[in-house]
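Only one chain is shown below, in structure tokens, and it's the form predicted alone.
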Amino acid sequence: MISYEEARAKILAQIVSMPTKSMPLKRLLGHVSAEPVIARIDSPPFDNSAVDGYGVRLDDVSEASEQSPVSLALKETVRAGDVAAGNLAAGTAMKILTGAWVAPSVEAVVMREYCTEKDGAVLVGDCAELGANIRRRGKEFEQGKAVLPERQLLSPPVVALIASLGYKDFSVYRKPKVAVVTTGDELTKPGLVLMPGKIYDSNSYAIDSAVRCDGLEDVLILHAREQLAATKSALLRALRFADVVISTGGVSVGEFDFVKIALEELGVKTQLWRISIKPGKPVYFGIFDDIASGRRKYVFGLPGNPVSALVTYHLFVKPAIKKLRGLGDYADEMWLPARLTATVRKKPGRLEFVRGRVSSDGSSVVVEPATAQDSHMLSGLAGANALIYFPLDAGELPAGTIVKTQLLSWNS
């Protein structure tokens, strides 16, 4: 067995980002940028007003006040999308609405709250400073400047930024396709009658949900009977379809554990198998160089117990998917120190990820271990929002100990 740190590093070292493609604005959300965002125009592209108000010359309003307003002739109204017809002469003003063009002769915009229109004139009740309420051209950034680097998750604000610069499409990393292969003759589809000795399938829904939370939509779900031929058939179909294959169960050393054997017979090259962690010791990672597509594909064999499957997905598959999507060596390991609220114990010799719930007691960050810690007990994981790092050589972490916790972020 190898350590958690070695396994994670070995997996990420093998992952290469997906190919890139150009996509229209409406489909950018949730993808990762494959090029920097370069300003095609100045932002703002012209001097414009930050408020609804009146454009003035400073000399005309230098003595203006609420008690002694200055009367200026109102020459024109400039709305958003308009361009002022002329320049301001002494003793005149322009009504300028928010976002509208500000002519070069306008030295400040006085908010309409300090002004009153009357008989073709405007009474200005506030003296102004040079440039007041004017957004200057190129103030945010200038044409040709890099606004954002590549490998950015395209959130709504980023998509809006790209659109504001005039792009109609943008280069992104393609999202990988995923196939999930469950194993086990004991599994029954939810909604059917549960016969003696059977359990409801939760792994296919668990991994499918986790993958979709990571922003992937193209997911194939398959099930393999506990026979070598059936397992090979399901895995072959998965390899033909997907960029990432994730199996659950059948990857240990039991009499009916055929996943590792089937994968190797299909030409998948084993990179690691068995990691010194709990839950999730029998984790498999392999690489398949698909001659037909010319693409390298990645295979993860996760344990069959549902908690183990989801925890190892979070620890190993999630960061690999992030890197495939173009996010680089994604730092999922953001450790948060927290104070244990209860003592936890284990047998020394394996790193253990204890499920817990991080919160604040008003003065510090605390973490409460879940009561249901066995790898088949989904209730403990369902109520958890963090994993507690229980070091390999430790046998006890007393209440009050400051421990490392890793937040469970199921959503991207």
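Note that residue numbering follows the sequence shown and begins at 1. Here the structure is a predicted model, which means the values were calculated and not measured.
Below: the form predicted in complex with adenosine monophosphate, not depicted.
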Adenosine monophosphate: the contacting residue among 176, 304, 286, 326 in the predicted complex [heavy atom, 4.5 Å]: 304
Partner-contacting position among 233, 202, 276, 171 - heavy atom within 4.5 Å of adenosine monophosphate in the predicted complex: 202
Which of 77-85, 177-185, 208-216, 318-326 lines the interface with adenosine monophosphate in the predicted complex (heavy atom within 4.5 Å): 177-185
In the predicted complex, residue 250 touching adenosine monophosphate (heavy atom, 4.5 Å): yes
Residue 257, heavy atom within 4.5 angstroms of adenosine monophosphate in the predicted complex: yes
